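Have a look below at one chain only, the form predicted alone, in structure tokens format.
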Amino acid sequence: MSLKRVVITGIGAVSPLGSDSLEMSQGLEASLSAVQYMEGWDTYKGLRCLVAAPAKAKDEHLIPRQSRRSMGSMSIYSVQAAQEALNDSALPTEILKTGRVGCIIGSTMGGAKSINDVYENMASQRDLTQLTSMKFFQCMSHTAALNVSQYLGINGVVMATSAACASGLQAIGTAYDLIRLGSQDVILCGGAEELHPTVTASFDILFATSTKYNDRPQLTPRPFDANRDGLVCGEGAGIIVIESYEHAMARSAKIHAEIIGYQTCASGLHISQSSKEALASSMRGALAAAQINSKDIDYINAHATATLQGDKEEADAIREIFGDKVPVSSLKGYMGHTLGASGGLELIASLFMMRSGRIYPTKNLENVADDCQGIWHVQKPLKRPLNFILKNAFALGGINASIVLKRLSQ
């Protein structure tokens, strides 16, 4: 059986840098930081990280109340990003109801605020009458996927990947496989996340958050830097439209790039610590699936969240495969770590770089740490043609995902 080619024809973003993909690209170009001190977080006993990167969404009331009732913030971000991606793709709306269009959106969990609201009510009052009928739909782990599909009337494959920080890239990779196999013609896919003190707390408890820059939020996180001290949580949604190449050509669609390789794997070693060997296996698998070698890659968009071990292991894996021959940068210094949304948002940012031939440097990387040496760190904007990009996303539980993008001339 011959596998279909898969291309990206639409992009949409709600990010800490702006309410659409254009605002996000402008923020990245201007080297802005969206990280800020979070008022009120200091009232949570034991929470050491008091900074985060909240999303800048459009007015939620643009979504009719009848549809919005089942949506928490994460689903609202997803609907707005999906609508932008559909508009960008110029996909005819009538195709959404043919059963040949799917929706796959990953996240770490359901809506964090809604989940917290339920447990606060049950723990203090045990009063179910205070919960709305729509609250459960906001809490479900597939809340973003179900709300986007319901809002748009999509009746093809609807799924939700849930692998923490790798969720968004796994959603795109899963959609890629379904289209390659001919199961769907078009899929809206990507990731979403919702910021809440409980989300940051989950990493804080693991001593994985940045805690030294609460009074200087724009100086953190610091991927690969000698003074990095952990991640900063962010939120938003990054959604793309992907479709088979023949389907895109039949409707004369604009093509952002082709997806030519994808790999996801686990380390099976440690529940919270990254593994160089597993990270390298993910990247090698993506290269093999793309039928290219390490010398073909023009840029690596690193996961690099500014945790001590995570950055070291990723740098070690990149060095083992690519040496210091391929430019590498992380985008976490601009938008924080948007967790389940990071795969989608950062892939879209990689498309901006591919289109402009301009690599965004790693923000806040001033002094490369000794344990992250030996790779080509981009510390200031770099101009060069980008024909092949490798994007990484790694997660707790030893879950890894890598994807390869190819520039197409039209």
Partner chain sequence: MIKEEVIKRINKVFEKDFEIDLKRLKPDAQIFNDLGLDSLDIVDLVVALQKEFSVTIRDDARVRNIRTLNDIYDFILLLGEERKKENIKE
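Numbering follows the first chain given and starts at 1. Since we're looking at a predicted model, the values are computed, not measured.
The same protein also has a form predicted in complex with its partner chain, omitted here; what follows describes it.
Proximity to its partner chain in the model of the complex, defined as a heavy atom within 4.5 Å, singles out one entry of 183, 93, 291, 130, which is 130. Only one of 271, 205, 134, 308 lies close to its partner chain in the model of the complex, with a heavy atom inside 4.5 Å, and it is 134. Residue contact check for residue 68: one or more of its heavy atoms lie within 4.5 Å of its partner chain in the model of the complex. Although the partner is absent here, residue 61 lies within 4.5 Å of its partner chain in the model of the complex, judged by heavy atoms. Annotated contact segment (heavy atom within 4.5 Å of its partner chain in the model of the complex): 68-76, selected among 173-181, 111-119, 68-76, 335-343.
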